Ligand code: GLN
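Taking the form predicted on its own, here's one chain by itself in structure tokens.
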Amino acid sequence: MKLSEVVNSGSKKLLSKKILSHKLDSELLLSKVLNKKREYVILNFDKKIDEPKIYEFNKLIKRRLSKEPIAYILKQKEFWSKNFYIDKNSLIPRPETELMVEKLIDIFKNKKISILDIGTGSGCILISLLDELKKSKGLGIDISKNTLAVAKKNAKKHCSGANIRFLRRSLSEIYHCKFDLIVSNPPYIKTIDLKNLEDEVKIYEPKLALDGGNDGLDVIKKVIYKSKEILKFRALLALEIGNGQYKKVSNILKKNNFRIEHNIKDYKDNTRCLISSYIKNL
């Protein structure tokens, strides 16, 4: 078979399951099998492919048909123009998180700051920040040993190592230090709403990184309360939040002596990140 025929075959199967990215996914999965870039597949549609490779490709298509996210099959996801290693132990990076990273880089450009990343996951936020803020240093914490292994793998690939650390710690175990910036993409989905998520998220992504408790704000509240102890005066807290949580989270921040400096909207014009400064006697 030709590469074009293999791609079209996979694409049709994925389309039958209403997977909107069927053609792209088929091309990406074939490129993985061939250990080539997607561009190679597109530019060499007339080349032949042998049977063992077709068999391997069809196994990957079968996984995608079961709604396993393409990032988990490929073991990577692009974020901030870098390919991050991703597996089932870490949340898949989202494009809207890049908007938060972009704003923070703009705020702290050419400055030397200390950063704490709470619930670091794949480490994509902290690694991307430190890649741009060369003079700064950062600590990423997570309670999952397997998740931290993912973050450390990404740090080894993308960082020099001297300015970044990852520790298995809960938020309550961070003390005796102060930070210029605390950043977090915490779980913010209501427990009752988890069952309504798309299969790709509900079945495959780690529940620990999704479940925000009864009101979706359990972890957000903990991050805000703890940040008061470990932020320097007028330092910043950057929180990613769920769609529709803007008013509630804003009120919690204000009640805890934070002043909202920036709200960042996603590509659908929903506020998805709040950046606030800690004013002790607001």
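Start at 1 with the first residue shown and count on from there. Quantities reported herein were computed from a predicted structural model and do not represent experimental measurements.
One more form of this protein, predicted together with ligand GLN, exists but is not displayed; see below.
Checking L148, L139, A209, I189 for any heavy atom within 4.5 Å of ligand GLN in the predicted bound form turns up a single hit: A209.
Although the partner is absent here, S128 sits far enough away that none of its heavy atoms falls within 4.5 Å of ligand GLN in the predicted bound form. Mapping the unseen interface onto this chain, T120 counts among the residues with a heavy atom inside 4.5 Å of ligand GLN in the predicted bound form.
Interface membership of L91, defined by any non-hydrogen atom within 4.5 Å of ligand GLN in the predicted bound form, is confirmed. Using a 4.5 Å heavy atom cutoff, none of I182, S227 and S276 lies near ligand GLN in the predicted bound form. Partner contacts here mean any heavy atom within 4.5 Å of ligand GLN in the predicted bound form, and among 172 to 180, 103 to 111, 148 to 156, 120 to 128 they occur only in 120 to 128.
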